[in-house]
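Here's a solo chain for you in structure tokens, the form predicted alone.
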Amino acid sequence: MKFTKVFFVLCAALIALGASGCSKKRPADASDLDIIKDSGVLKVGVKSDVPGFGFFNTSTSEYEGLEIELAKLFAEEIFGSPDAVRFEVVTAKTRGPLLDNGELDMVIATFTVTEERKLTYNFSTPYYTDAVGMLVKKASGLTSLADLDGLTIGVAQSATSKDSIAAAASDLGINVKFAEFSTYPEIKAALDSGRVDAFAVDKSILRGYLDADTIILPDEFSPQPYGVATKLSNKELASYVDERIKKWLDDGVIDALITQFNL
């Protein structure tokens, strides 16, 4: 009985020693890139509901779009394989917190660069610039923001669209109401059912939701430059990301992707 007890105690001690001995200790001065390389995979926050940028195709069970390809390019640069990337679906509301808590290495998800956001995250040079627009039902007869006085506009939570439209409405001297939703498909469903009168977001995103019953109004508000976001403290990673984006802009790689996805 005593031998058995001692045996199990010794086994537990050896297992504990083995585990600690086998664990790889990272140097205190390890760089951002070293930490990512040690993990063996690049964790990237992307959209799944924005055709052309970040979209999960249920027919192929694959992600596709400009931002998906950018993530694969980074994985290839860092690991030598475009497949060494793990996609995490984010929304305008969740992408920041997931970056802050370290669950993501970077976010490439139609993340608009603003001076205010630069205080919280690192952003690369913009890889694409758009403008906020509005999608409405053809049958509504709406032709511009001025026609939306007193009506309700659907926007994404934590997106910049609301502020852009509100500022433009104020300049026109009209009052508009807003309804916030978690995802773009939810806003489109609200438009289709009549719960909102317009769907406001960047025009390139709206084109993915355009159908025979809707039109995109000609109004444009606030340029929306998209950048790759990284955690504010990860300065080395931010510099690395920015260098690559600038290179792909200069050598035509990003332009080719923009053409490929009809953006």
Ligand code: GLU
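The structure displayed is predicted, hence computed values, not measured ones. We number the residues from 1 along the sequence you see.
Just so you know, the form predicted together with this ligand exists too; it's not on screen, but the next bit is about it.
- For the candidate set T183, T152, S140, S158, a heavy atom within 4.5 Å of this ligand in the predicted complex is found for exactly one residue, namely S158.
- With the partner removed from view, the residue among V201, L70, A229, V46 that has a non-hydrogen atom within 4.5 Å of this ligand in the predicted complex turns out to be V201.
- Using a 4.5 angstroms limit between non-hydrogen atoms, L42 is distant from this ligand in the predicted complex.
- Among heavy atoms of L66, none comes within 4.5 Å of this ligand in the predicted complex.
- For V196, no non-hydrogen atom is located within 4.5 Å of this ligand in the predicted complex, even though that partner is not displayed.
- Proximity of N122 to this ligand in the predicted complex falls outside the 4.5 Å heavy atom cutoff.
- Figure note: of the listed segments 103-111, 170-178, 78-86, 142-150, the one touching this ligand in the predicted complex, with heavy atoms no more than 4.5 Å away, is 103-111.
- Proximity to this ligand in the predicted complex holds for none of I35, N234 and R244, with the criterion being a heavy atom within 4.5 Å.
- For the partner-free chain shown, just R117 of 116-132 comes within 4.5 angstroms of this ligand in the predicted complex, judged by any non-hydrogen atom.
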